[in-house]
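Quick setup: one chain, the form predicted on its own, written in structure tokens, and binding and motion questions come after.
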């Protein structure tokens, strides 16, 4: 089979028929890390490294794995030198999704079919940069080329959201919606939490004398986001919380933390669980979707954390986490009141989450194979699990989770191809009529997420 050819990732004729019906559907992306300011400015990218690798932790990690020194990844060397280092080891990445994603980006959006390697790196650098200098390769034009209908950014409660309004005005429609992410308020154990409280107080002109003042400030933010078209929240946790705690206990802990006093692990957990539940209540009132991204164990490599800080590619998954115990309490507390999507990045938790989503009905859904699972192997295994344990038509759909603009297209293409192959195999085995599976593919690729997320 030809590399990235028409039947890339599709092993059967029925799957190819399915893919032809969904490949050009608009993209609905409820969770991304799109740089909204970059879209507002709409400037040409200076070079291919900036667009392909400067913000992509997936790329950084595989470069480190292949022995590239950090100064050629996040360090002082020029973008051209970094790109050539990447090209020098790119053949080693075959089998890793980065190899496919970057070639997909080159082919689909820059029209370059050349394989990336040590011999072609300089030529691709030159050709790609010439193409990126064209007017139709600026961020807003690329979003149109990719086929984005709606994409949600990731935004802090204190954000003003002025950039969102500017982008939507430029497009003449609401293409980017904010997603409310209160992690910095909830994670009381983080080093910058106390200073962040001062930022919240200034932003909303609130005196934060109690936990109730904090929830009132967050409610004000929640309302502000709603006025700007927000319909989802993002919540990143290592393990989820029950959301059911005594407000008086949470208030004592809050006041203690505001005085910069040391908290026990149990106190931190009680506070975080309480505020987690309060933000969920806000979502329930507005019928927003409450997205829970669970599982990452952050910053496990000391060298990276001390040199580069957080979000530098030092996070891992952990099979031994207990997600069921707190989720059972949380889901029962909000049963039928809250739309919830469960994302996890360890394959060992997928079966439990699929069965849990089935147990709690149509308002609780399994989210896309995420982070370490958003690759052909992870996508396929999850989809097969969803179809056999849960209900395909109630799957929450794909998300890019990406900071890199072209990934919005390549990651959705990968998902739609794998989905087509999985459903096509069902047709080939006589498990369901092809016509029905074509309708199902459309639901899972477009109309299902659009309706569930109210996008």
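Numbering follows the first chain given and starts at 1. A quick note: this is a predicted structure, and the numbers were derived from the prediction, not measured.
Below, we turn to the form predicted in complex with another copy of the chain, even though it does not appear here.
- The candidate stretches are 244-252, 368-376, 187-195, 169-177, and the one lying within 4.5 Å of another copy of the chain in the model of the complex by heavy atoms is 368-376.
- Put simply, of 285, 384, 71, 162 only one has a heavy atom within 4.5 Å of another copy of the chain in the model of the complex, and it is 384.
- Checking 157, 277, 139, 314 against another copy of the chain in the model of the complex, a heavy atom within 4.5 Å turns up for just one residue: 314.
- Taking non-hydrogen atoms only, residue 67 approaches another copy of the chain to within 4.5 angstroms in the model of the complex.
- Contact annotation for residue 99: at least one heavy atom lies within 4.5 Å of another copy of the chain in the model of the complex.
- When another copy of the chain is considered in the model of the complex, residue 58 lines it closely, a heavy atom lying within 4.5 Å.
- Within this chain, residue 392 lines the site of another copy of the chain in the model of the complex, having a heavy atom no more than 4.5 Å away.
- The candidate site formed by 347, 364 and 421 is fully in contact with another copy of the chain in the model of the complex, as each residue has a non-hydrogen atom within 4.5 angstroms of it.
- For the partner-free chain shown, 2, 3, 4, 7, 8, 9, 11, 14 of 2-21 come within 4.5 angstroms of another copy of the chain in the model of the complex, judged by any non-hydrogen atom.
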